[in-house]
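In the form predicted alone, a lone chain appears below as structure tokens.
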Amino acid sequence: MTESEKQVSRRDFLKLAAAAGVAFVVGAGAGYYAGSQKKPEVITKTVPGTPPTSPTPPPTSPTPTKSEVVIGVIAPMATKQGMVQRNAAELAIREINEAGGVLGMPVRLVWGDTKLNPDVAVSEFRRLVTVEKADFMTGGFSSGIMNAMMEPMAELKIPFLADASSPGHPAKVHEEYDKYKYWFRITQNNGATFAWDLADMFDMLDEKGYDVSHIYIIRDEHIWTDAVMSYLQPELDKRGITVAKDVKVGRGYTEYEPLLVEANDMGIQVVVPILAIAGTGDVLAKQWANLKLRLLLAGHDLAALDLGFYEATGGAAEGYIFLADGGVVNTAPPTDMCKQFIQNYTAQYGHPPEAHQGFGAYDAVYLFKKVVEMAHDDGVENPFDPDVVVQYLEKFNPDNPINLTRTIAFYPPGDKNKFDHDLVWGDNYVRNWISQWQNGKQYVIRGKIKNADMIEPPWF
């Protein structure tokens, strides 16, 4: 096992844990890089016995005559997950333009609405690249929509720092690198990593004296949860944990009360939601609190990540344990840049980022700026060439991460888990933090950035 693999292995992590579109020119705003603010920090790690290398940039086409840099955002704009990406990218671009742009050129934002329809998403993706002339794309949401958008991405050869959790996306890069190499995951980790954090969650509950020998799972009737289960089952087997019942629910499902009662009648202490597509985590929390059974809700629920979840449940979410995808909980920003972003976003829009996708979109804009300027500084003739952008993004690997709102690194091509171009997972990178709603706020209750102890539901 290489030193890099050691740093991101699940075993080492658990040891650490135990201790449509309208184009518009974005005006000037308060810059992150202005004044005494710090630029994104590249963290360089040297692997013992490995000499430093400086790969020669590939020959590229001449730099086209450019007067601006165009960044495209594509997402479902009727959702908070979509709007937060547009807002965050807009904020980053305002800051960058205030600081002088990219290579002296102003940056323009263009955006498209997927409407959560794959045909619309493909059409809008094409429009942003071919009509609006986007140099680079970010955005996403929904694994199926992402699958569809990866096709025009590959055809048009446009770098795409994307959101969505399916293991199938990096697997495409792994299996057809030359075609799909333009895709990188920037927001939440590969959905398979949810299993590693769920396993650590069960370890935490076991240490606190809860019976996790039998669990009751409620999960989306969707392929993404099958991937989670395929990684989770070996972890359960190691711990002697039995799945007493595995219930699949569809989009908009609301009949959780009979399931909770059944779990209680079976003697279960821990009910494990693995939900995103259902979209009804608030209903689950309300029915859980109304029943007041001696059951913990502890799992993955995308709805529980949202800023307004506590209010949506009328406070019923108190004590709800969940995984914070995307690597950020507002009360525990993992980097200085993250803390500043939350402050700037709040000042601009009147509230903190309403969904975790905002951190990815903000990072994507700054990361594109970073790699283009790196290539330019290295003398690359056309630093906007898509293949050059890919090469420079690949430099940010587990041994050479970059500090943005989170510590970002990508798994290299040929990854053994087929996580090629995926976010590196772990305490020192981006992790789905084990978190809990307490007194209307989200807190991290385990791991490197823990900022609160776990509490029990009020009726316990």
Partner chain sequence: MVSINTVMIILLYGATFSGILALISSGFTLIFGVSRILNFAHGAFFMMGAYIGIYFVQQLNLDPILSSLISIILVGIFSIAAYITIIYPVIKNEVMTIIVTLALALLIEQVILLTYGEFGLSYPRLVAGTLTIGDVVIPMVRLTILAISILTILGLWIFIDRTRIGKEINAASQDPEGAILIGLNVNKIYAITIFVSAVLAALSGILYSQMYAANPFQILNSLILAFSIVILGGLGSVKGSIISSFIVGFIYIAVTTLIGARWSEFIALAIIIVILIVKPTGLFGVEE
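Everything numeric in this text was worked out from a predicted model, so none of it was measured. Positions refer to the first chain, counted from 1.
Form predicted in complex with its partner chain: not shown, discussed below.
The three marked residues, 259, 286 and 312, each reach its partner chain in the model of the complex, with a heavy atom inside 4.5 Å. Annotated contact segment (heavy atom within 4.5 Å of its partner chain in the model of the complex): 276-284, selected among 94-102, 276-284, 385-393, 357-365. Only one of 343, 230, 213, 254 lies close to its partner chain in the model of the complex, with a heavy atom inside 4.5 Å, and it is 254. Shown alone here, residue 291 lies within 4.5 Å of its partner chain in the model of the complex, counting heavy atoms only. The closest heavy atom approach of residue 135 to its partner chain in the model of the complex falls outside 4.5 Å. With a 4.5 Å cutoff on heavy atoms, residue 248 counts as touching its partner chain in the model of the complex.
Proximity of residue 265 to its partner chain in the model of the complex falls within the 4.5 Å heavy atom cutoff. Taking a 4.5 Å heavy atom cutoff to its partner chain in the model of the complex, the one contacting residue in 81-99 is 81.
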